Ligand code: FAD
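Single chain ahead, written as structure tokens, the form predicted alone.
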């Protein structure tokens, strides 16, 4: 009955389901373990009328026009420029760390000297990775880099990843910028917006096609049985000659035969206050204080005239399994041993011709939302179009 089975109804699986059904004319079975579509982008209106993001804030931003226009066929947009503050030495300063942050935390004369050196060395309006700044040969810039590293990144990294920055892949820290500008927006992409009626509504429209059959609250292992030795599959107990697109944990697919890949997850604590707003901007980071990493207030993202406001605190921890403590694997942990283990699993997957791996968990890498949409479109064009 089906040409393709897709495991996972997040962006990777849903985009591919839509393209396969609407462009390639395939009959698609989309299987999702959770009780809802949209993956970690799922959102819903809470009991107080606030549109909240179930798995933490998701802010869409991209400079990829093709991706933006593709998603625009499933949603209207609410333009939104995300701003983040970080509590440093008792003051809330903009993130990424920029010239305004510098002025707020350093005495006037010193701040002006450091600003001049930054502009002369790197230019104005550029983002400099923190590790590049740390490696500078200028003593004062090195002092600034060490201060930013200690006050903003070290302790936040330990909370977020469970390891020190020295124990994680350099590519993670290379993504952390110092912005030589007074632009206090968290992103500078061409398109910055959130779906006007929420991400879940966007996914509903994307999956609204007669060629897509959706199974929620279903473990794929109940209906799909791959025979890894024979490189064959069965579906509902019958031989299946179609394609399998997998967006879940690659180590789970292979029954952890080579060992488990580690992931981080988040515990979410929502709280509603009887006041119009709780904080100045949507997200405030707490790099040094408390066990949580940040507080997000959703009325800044989805503006609504309401007497109450809902906030979310995020508590990172190790992921220990879907059936044990809840949570969902959110972030691969980028360490050399983990990458090597993933490559061994990927080599196993390449010997299974009907299997396609797409997504953060299946490919054990970090994707922003626009990146995974682009990746799914690219996989479709390359393999299925």
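Remember, predicted model here, so these are calculated numbers, not experimental data. Residue numbers count along the first chain shown, from 1.
Same protein, other form: the form predicted together with flavin-adenine dinucleotide (FAD), not shown, and the subject of what follows.
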(request) Using a 4.5 Å heavy atom cut-off, state whether residue 181 contacts flavin-adenine dinucleotide (FAD) in the model of the complex. (result) no
(request) Answer yes if any heavy atom of residue 374 is within 4.5 Å of a heavy atom of flavin-adenine dinucleotide (FAD) in the model of the complex; otherwise answer no. (result) no
(request) Spell out, yes or no, whether the shortest heavy atom distance between residue 41 and flavin-adenine dinucleotide (FAD) in the model of the complex is within 4.5 Å. (result) yes
(message) Taking flavin-adenine dinucleotide (FAD) as it sits in the model of the complex, is residue 299 in contact with it (heavy atom to heavy atom, 4.5 Å or less)?
(response) no
(request) Specify the contacting stretch among 27-35, 65-73, 43-51, 348-356, defined as having any heavy atom within 4.5 Å of flavin-adenine dinucleotide (FAD) in the model of the complex. (result) 27-35
(message) Can you pick out, from 204, 115, 252, 243, the residue that has a heavy atom within 4.5 Å of flavin-adenine dinucleotide (FAD) in the model of the complex?
(response) 252
(request) Just give me the residues of 281-312, first to last, that have a heavy atom within 4.5 Å of flavin-adenine dinucleotide (FAD) in the model of the complex. (result) 294
